[in-house]
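We give structure tokens for two forms of one protein chain below, kept apart as structure 1 and structure 2.
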Structure 1
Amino acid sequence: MNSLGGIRSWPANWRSTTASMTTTESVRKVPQVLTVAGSDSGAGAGIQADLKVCAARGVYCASVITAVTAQNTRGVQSVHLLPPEFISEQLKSVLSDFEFDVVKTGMLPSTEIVEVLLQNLSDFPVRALVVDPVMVSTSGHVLAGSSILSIFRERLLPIADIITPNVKEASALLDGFRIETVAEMRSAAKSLHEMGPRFVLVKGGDLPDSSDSVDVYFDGKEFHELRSPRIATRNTHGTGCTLASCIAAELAKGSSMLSAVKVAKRFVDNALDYSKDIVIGSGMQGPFDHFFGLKKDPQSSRCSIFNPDDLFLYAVTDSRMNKKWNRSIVDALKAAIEGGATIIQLREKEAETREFLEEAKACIDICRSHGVSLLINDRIDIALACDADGVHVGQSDMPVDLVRSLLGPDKIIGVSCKTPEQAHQAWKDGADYIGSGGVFPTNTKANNRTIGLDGLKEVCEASKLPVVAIGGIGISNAGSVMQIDAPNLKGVAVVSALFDQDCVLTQAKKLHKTLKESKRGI
């Protein structure tokens, strides 16, 4: 039994622990990791990698910096150790405040630094300790010399829940024991386990003559060989830190040790594979992408923040109307945009999935070339598949908070609201705007409750979000809508006033003019 008690059991309700807060709202405990490691100025490894991994895995990560390295993709140019007293200050600061689920250690470059870590861990016990015994950088620079070996063996390893040495580090910890085969990795794991950690993972990435990358996991009784195909890439800088941090993150979320290790190995393999051909830096050892996003064409994603003024003339499509007037959705869209539509929603209630997707892709191209955002009605899957700018959902569609978690922070999410309560909730759930109606009776949407101009005003007043009015709006009444006294009412959304018309272009121009005039009149 180690002095930290191994992986301490999590209380059954730890995910929803309500701290002594004054608010009546439920408080959610966020899984938290502390990394105690060195800074890598190139940000591929060390503290920077640890922070990225935890963020990518949905875990909060605090950082105590032990050393600062001048480092890039060519190697480590110099290392500056922080004074142990200052490292202790950092440790006290965060350990006395946060409730860490897991502490993960990386570069601990001197005996004195290990001493202050041990002292603080005994003053502030944590649930689990992951030790990545960093000694040599991937470029071959010594980051912690042999002087730390005895304190590692005698005092740090015995309190670790898991240690994650590569074959060189395992060999150093075992007085130069030769490790060149999987059988020798097993022997090393067993000997290291005898030093006290509850679990040992010996990483075989550097093992010669193997087409697979094999890691050996030992729990004191059983061995597991975790294999994956070796990925041919120069972008491997930070794999060790990433693996150990990912194990820490998964443990913090409540995983068992073996499943945390398996998830972490898969995460590293996927990140390496995804990043195998990216080019960052000119050296031999590039970093990889923890967020699987760098390869995206920067031009293809919206990137800009939603502009509420785009709600000014909001065109919502209808396939039945296009059929009736014998025009394609692409032609209808082009005409609406040319006439002044400032945002588009594809509302294709009858389309089959494949057809909807093909249409959406064609429409995205037109909208992008005109700098107009395109939203998808109801169908989150279609929006994701065609990388649309966002979605519009109603009260009986997928809940906004879930839509936000699926689409991420960059996409536009609109939600229909007929009441002040719904409007308040929309803001809390992370919507970008509200569609409110029916302001007037409409034939386009069956059984739609009309809320009138008064209902629209109440919704506007209940929310901080921008609002677009919808339902029965056309050239004859758009002015009266825009004149209600509500600064967050940004425009009107229309279907039939544009698309159930002989000439979409003419109607769009007229409606745009009406809206502009009514805006001037306010």
Structure 2
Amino acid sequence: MNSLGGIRSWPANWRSTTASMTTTESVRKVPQVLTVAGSDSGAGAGIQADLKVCAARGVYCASVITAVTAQNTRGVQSVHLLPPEFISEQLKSVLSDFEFDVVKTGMLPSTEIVEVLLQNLSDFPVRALVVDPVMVSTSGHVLAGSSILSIFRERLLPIADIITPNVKEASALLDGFRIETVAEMRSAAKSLHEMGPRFVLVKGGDLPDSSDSVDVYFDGKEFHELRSPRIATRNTHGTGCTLASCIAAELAKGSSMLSAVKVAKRFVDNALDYSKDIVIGSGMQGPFDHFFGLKKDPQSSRCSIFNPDDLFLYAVTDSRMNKKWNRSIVDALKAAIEGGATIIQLREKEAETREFLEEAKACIDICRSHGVSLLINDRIDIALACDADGVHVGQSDMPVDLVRSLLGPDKIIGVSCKTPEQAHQAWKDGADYIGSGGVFPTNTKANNRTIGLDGLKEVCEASKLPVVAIGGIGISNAGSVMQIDAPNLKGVAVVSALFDQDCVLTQAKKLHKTLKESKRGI
């Protein structure tokens, strides 16, 4: 199965039955996921969890049921496998009708069922396959026998885009390889990758003697350790299903694999934290609330997921400059966006909180109408109050991991970094991008140490995150910044070059043109 990096084409006639009913202009593509898994009568895991998490992430999810279980918060009492022929009928029914972006598999309890799935995926190709190799429930009940290990290794894993085993499942797939440390998780991820999947995520929730929840992600070249504080709660039923389904949902929306994995881990962490004290059922392992986001922020209207390319022309507002040129923040913002600004940071150092909040709300409306993300500089309270798309913080501000816990999994978080060490820490703490500089001297920040182009390149080379350069950048030197030969340098952030000018619109157009020409010349 070829996907994400080289997406498999849909069958030539897949849209023929609907072409006469719609036009290209009238169609709004809805991200769609198909889950192929078992039913959980307690609704905490399996098909039920998959449907809930996809709904919570704004993705349509259809289902094919492989088995029906009798289970509750006390455990699994019984499992009834559905006939392979009927599972095939379910698959044919939905695959021949819907436009699935991603198929996610959960409980596949027999070799015959795996064969049926493989045949139908061959007949109806999809863009990506997420395999959660469910074998044993957290309560210890065996959900898939050892007989299917060989077909998993030889037939299913080689066509998977990502597999998401926990340490027990990874051990089973590797003939009992012991996994008790992060180093052994890395070795397991590498060995599993050699079986064919494009990406591997080994989940460390069951890792003994670990104060953190550590997952190891491997893309065939690099390892990434995704860490978060372990949450003390009995309500952990369905975490594996939820993580895999969230990855599938984010892929269906267009995220890169690593971004999808990071969002999924944040989603699970936030759901666990929000639900840690709820009581459902009388057993030792309860479910958690997949719809916590609706209760925390029912009016959220975020424009889109974070795209690193949005850092291309990053406009940072300055109220003093707007006063100098006698224009409102809204007018300045609108002109910058119309001139080509791709993301906005609202920076306000002088206004009172109430005034800043009113400005932010007005700016949010402008940005949303243009599909441009708006970040708030430093002020987490303002970002929460106006439902901004995210925040940008400095080294002396609130730590990124704490910011993430307050804002949740969906918001964009940027952090200022001058050194490779700071860039590495930003990645570990869960930032989405870093702003590096000042590259050149600037009047907007007093006593701001410059790092120059060499320092910028050093930070870029050390960073696993996309980078935007900032500090003294304008039309005269933006080209030299973009030509430092760093693939993760995505753009430049400007203040004076835009807002300390007679015409913001004209300057934004000139800057955008300069950056495009520089990018073509690389």
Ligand SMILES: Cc1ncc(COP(=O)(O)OP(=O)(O)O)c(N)n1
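We call the rigid core the largest set of C-alpha positions that still match within 1.5 Å between the two forms. This one's a predicted model, so the numbers in the text were calculated from it and none came from an experiment. For numbering, take structure 1's sequence and count from 1.
*Asks:* Just one of these is the form predicted on its own; is it 1 or 2?
*Replies:* Structure 2, which is the form predicted on its own, differs in this respect from structure 1.
*Asks:* Taking the rigid core as the superposition reference, indicate whether the CA of Gly471 shifts 2 angstroms or more between the two structures.
*Replies:* Yes.
*Asks:* Rigid core aligned, does the Cα position of Asp318 differ by 2 Å or more between the two structures?
*Replies:* The answer is yes; the displacement is at least 2 Å.
*Asks:* At a 2 Å cut-off on C-alpha positions, does Ser78 qualify as shifted between the two structures after fitting the rigid core?
*Replies:* No, the C-alpha position differs by under 2 Å between the two structures.
*Asks:* So with the rigid core superposed, the C-alpha of Arg354 shifts by how many Å between the two structures?
*Replies:* For Arg354, the C-alpha ends up 7.1 Å from its position in the other form.
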